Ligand SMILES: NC(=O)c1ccc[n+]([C@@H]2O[C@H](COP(=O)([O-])OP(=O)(O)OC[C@H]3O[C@@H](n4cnc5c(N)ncnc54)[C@H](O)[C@@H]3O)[C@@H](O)[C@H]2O)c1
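One chain is shown next in structure tokens, namely the form predicted alone.
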């Protein structure tokens, strides 16, 4: 391996060690890199002229991105993981033991093992660049910091902040790092090395008191942290907070608390480091860790995905800087906010002044929340709102790069609006629809230039949901698809390319899940709360009946009905959904649906049982309880079956697209790796047998599709077949 570290000298008494991993865009810590660093640390101890060492990076926007995930992925047993952690701890202890002042000069990403390395230095200087980010995100991979992070971070920022950062895996930017004492100085990127040298000279002349007094817990919590009995309250509260968020499904944050607690209570620090290494050793081989690493790879791939078939070269992406938004409802206002937040100039158009005011108010409200949270300044708030121009006409649309249509879900209305907007924009402008269920190809038939049209499906609420389905119709050009994929990333979203088809991807998979819950309910198979609870225990953020209330029963019924007419009997709406809709119960928006939403927590609608009885009478159904495992599989397995059909029809290119969309679009439990990864974990052959059982007992809609039957015959899983296809394409 070419060497990764380069040594220079400043003024004869300060050594500068640059990390620049050859042939890589980022610096990461692999075994060969750690071996080289270990040897280098041994060598530089002999530099008798040095008084200080500054560690920096030659890669712009990157200090150290963390450990090499590939090495973690390959660990298969606890002892192997333990040894890997011990090796990292030993190398970083060499950094801590250097007989010089040590300074980490951080510009860009400093994550995971990168921050653990920086914590082993005595001082840290950060840049104020927007790419500077410090954190220990290991819990997001199902593990804990294993190179000393659980022991060193609390000593620098205090227990409360360390517990928050480590258990959540959250990051802080340069200014925040300086504010909480994680960084000792802050400078512009161009002046970072000079600032590090200034710090060294200050400490040489005046000592380190100026910096040390900024570290640790401040205020009343300081005494809580220092008192053993009271300190346990802090750890107890941290555990409660983690359990509230994770429902106990993610062991890593709880294990991180154990490691931090060991350090806080340790008489012999070496034992706490040993505890950290043992814990990470146990977590690395776990299925949860492997599933989260799988999702990490999918997410990283999405950052570079052009949306085209594997191996297809992408045409240059057209930058979209000026964008129109048609329709100023809550969705349109949310889209306008997001665009303005990402420095895009917005023309927000509607046909009614009142609607425009509603859209602007929604955008302003979202910005004001950031202002109150001190995530933006008053000046930034004003500038952002000035990027949104409200209009009742198309006069300024000729200069736009793109237009996003977000009007009512009605094909006739959408076609009319698209015809109008095409007359007002340049021939080069991209036009996209935010439709959630209507055919992109049919909409495109209203345009003279259908090749510049595609779907750009945001999920509600726009400011929170990370997914955008980028839908390409029969005539959507590769240039348009690539530009929309690139634009989604500019907006900070994760794009998944989806071929135009009924319900696209996410709604097509969710509809049988929600509809089946209503069918079970109307049959008397289980109670509403029990159905929602069993799915919540599986890891979904909410049960199917709560979800349909959240979406709106009117919207949900309409989407189910559209898919029924397009895909046939397996999507036939439950009569109960129609009856709830007909009763005027629209879900959360009207205050009641399957649940009543007037208080802080939803409660079961007391009128629901009578309505179910009425529905059963009309259908001549006698209530019959079913085993809970049948109820669960009736809700979950149709999603897998439909996902297999989407692969069969080319709606998505591979299983990874489906899994990424389900995790980021529906909250499917990340620790299970995604819907089709979960299917592989249960075994496709076993699932096919289970679907045949459900078909025999509950109806033909559970018939396994041909794609699933093929996987069973060939004794393969979704991802095994995907690997074979990728290899064949590469060859």
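Here the structure is a predicted model, which is why all the values come from computation and not from measurement. Numbering follows the first chain given and starts at 1.
Just so it is clear, the following notes concern the form predicted in complex with the ligand, a form of the same protein that is not shown.
Answer range among 343 to 351, 652 to 660, 265 to 273, 539 to 547 for contact with the ligand, defined in the model of the complex as heavy atoms within 4.5 Å: Stretch with heavy atoms near the partner: 343 to 351.
Full three-residue contact with the ligand in the model of the complex, heavy atom 4.5 Å, for 139, 250 and 287: Not a single listed residue reaches the ligand in the model of the complex, so no.
Contact assignment for the ligand in the model of the complex, among 524, 160, 216, 329, heavy atom within 4.5 Å: Of the candidates 524, 160, 216, 329, 329 is the one lying within 4.5 Å of the ligand in the model of the complex.
In the model of the complex, the one of 641, 436, 615, 102 near the ligand [non-hydrogen atom within 4.5 angstroms]: The residue in contact is 436.
Residue 409 within 4.5 Å of the ligand in the model of the complex, heavy atoms: Heavy-atom contact with the ligand at 4.5 Å: present for residue 409.
Close approach of residue 575 to the ligand in the model of the complex, 4.5 Å, heavy atom: It does not: once the ligand is placed as it appears in the model of the complex, residue 575 has no heavy atom within 4.5 Å of it.
Contact of residue 178 with the ligand in the model of the complex (heavy atom, 4.5 Å): Heavy-atom contact with the ligand at 4.5 Å: absent for residue 178.
Exercise: residue 417 in contact with the ligand in the model of the complex, heavy atom 4.5 Å: The answer is yes: residue 417 has a heavy atom within 4.5 Å of the ligand.
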